[in-house]
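There is one chain below, alone, in structure tokens, taken in the form predicted alone.
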């Protein structure tokens, strides 16, 4: 893609993390594109699922001023009664226009995302370049970055010209030619594997894992670095049979440099509340530490470089 082709390309970004040490090698700037083809029941970034801007409401920050009520053109906001009044959002009426956020001077109402062009996002990344050192760089994730293949590929190519190491964090459900080009061109790919049983994968994520595994094998065939990420989700990916099958699969891949075992956690709970979504029923207790260690041992015994966490 020529640099001029990237002019005007833009995408919704719901987070930029400066100085990340868990999204690839070294110190990195990680950008999160909004929109994902999967609907994982345990999603830790629910604000990254949908491709459009969504209203973020943090009730604990609301001071009850009521400015948002007359500001909303859809009359989707009311106030709870009493001294400690708080805003109530009717999500059925709300169309995420964000007019209410402009009236909220305490920041309880805000957008979960911001539109960036490729050049604007690259400027954010470029400012961090002095901290990357020899190993660090940029990681492009989401959501799913390959849902915006032209944008993501343009960003990868722009970073390459600036000698910035690139990593693509992907669920592997890549369906377009340009999306596959992103998978090919990134220096490193962080690849999610969310279980090998086809039926369980559909129940947990909403999609088949057939294409995901096919794309994983294709990336591996290129001889370019891969970090596999394995979420440990009770009732979905944590069975001994699944763990053993994953270890067997990964043992046969030549380009996998590390496996990151990601135990289930509840860090995303506040985000579901900010979106006005019900908590997924899988949100129970944190994954037992003893079980984490036993899973890690399976991979280490198979001769695979593995660790707990990213």
Partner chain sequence: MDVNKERITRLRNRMIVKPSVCLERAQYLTESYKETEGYEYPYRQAFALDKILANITVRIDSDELLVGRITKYWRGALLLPEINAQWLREETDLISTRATNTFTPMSDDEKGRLLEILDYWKERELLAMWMKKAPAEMIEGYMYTGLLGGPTFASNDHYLTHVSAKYEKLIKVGLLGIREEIESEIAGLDLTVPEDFEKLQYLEAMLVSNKAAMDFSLRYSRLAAELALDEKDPVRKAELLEISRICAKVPAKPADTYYEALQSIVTVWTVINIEGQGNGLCFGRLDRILYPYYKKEKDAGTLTDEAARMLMSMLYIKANGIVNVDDTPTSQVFTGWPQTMNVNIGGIDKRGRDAVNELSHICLDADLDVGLTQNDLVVRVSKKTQSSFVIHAIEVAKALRGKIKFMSDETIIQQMLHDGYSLEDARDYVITGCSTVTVSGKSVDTPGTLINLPLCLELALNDGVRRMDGKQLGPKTGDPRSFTSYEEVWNAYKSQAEPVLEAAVIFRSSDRHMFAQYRPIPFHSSLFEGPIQTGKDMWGGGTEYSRSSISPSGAPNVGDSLAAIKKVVFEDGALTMSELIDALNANFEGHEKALKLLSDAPKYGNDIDYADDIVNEVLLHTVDVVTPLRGSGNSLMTISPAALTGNVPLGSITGALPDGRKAGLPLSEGGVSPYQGRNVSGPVATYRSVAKLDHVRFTNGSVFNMRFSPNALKDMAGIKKFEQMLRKYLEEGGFFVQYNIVDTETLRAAQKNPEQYKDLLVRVATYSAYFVELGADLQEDIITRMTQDIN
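Note that this is a predicted model, so its numbers are computed, not measured. Residue numbers count along the first chain shown, from 1.
As for the form predicted together with the partner chain, it is not shown, yet the points below apply to it.
- Taking the partner from the other structure, the partner chain in the predicted bound form has no heavy atom within 4.5 Å of any heavy atom of residue 158.
- Looking at residue 245, you'd find every heavy atom of it more than 4.5 angstroms from the partner chain in the predicted bound form.
- Within this chain, residue 300 is remote from the site of the partner chain in the predicted bound form, having no heavy atom within 4.5 Å.
- At the 4.5 Å threshold, heavy atoms of residue 262 reach the partner chain in the predicted bound form.
- The candidate spot formed by 18, 22 and 269 is fully in contact with the partner chain in the predicted bound form: every one of the three has a heavy atom within 4.5 Å.
- When the partner chain is considered in the predicted bound form, only one residue from 53, 59, 27, 69 comes within 4.5 Å through any heavy atom, namely 27.
- For the candidate set 92, 210, 135, 177, a heavy atom within 4.5 Å of the partner chain in the predicted bound form is found for exactly one residue, namely 135.
- With the partner chain left out of view, the stretch that reaches within 4.5 Å of it through heavy atoms in the predicted bound form is, among 179 to 187, 102 to 110, 146 to 154, 82 to 90, 102 to 110.
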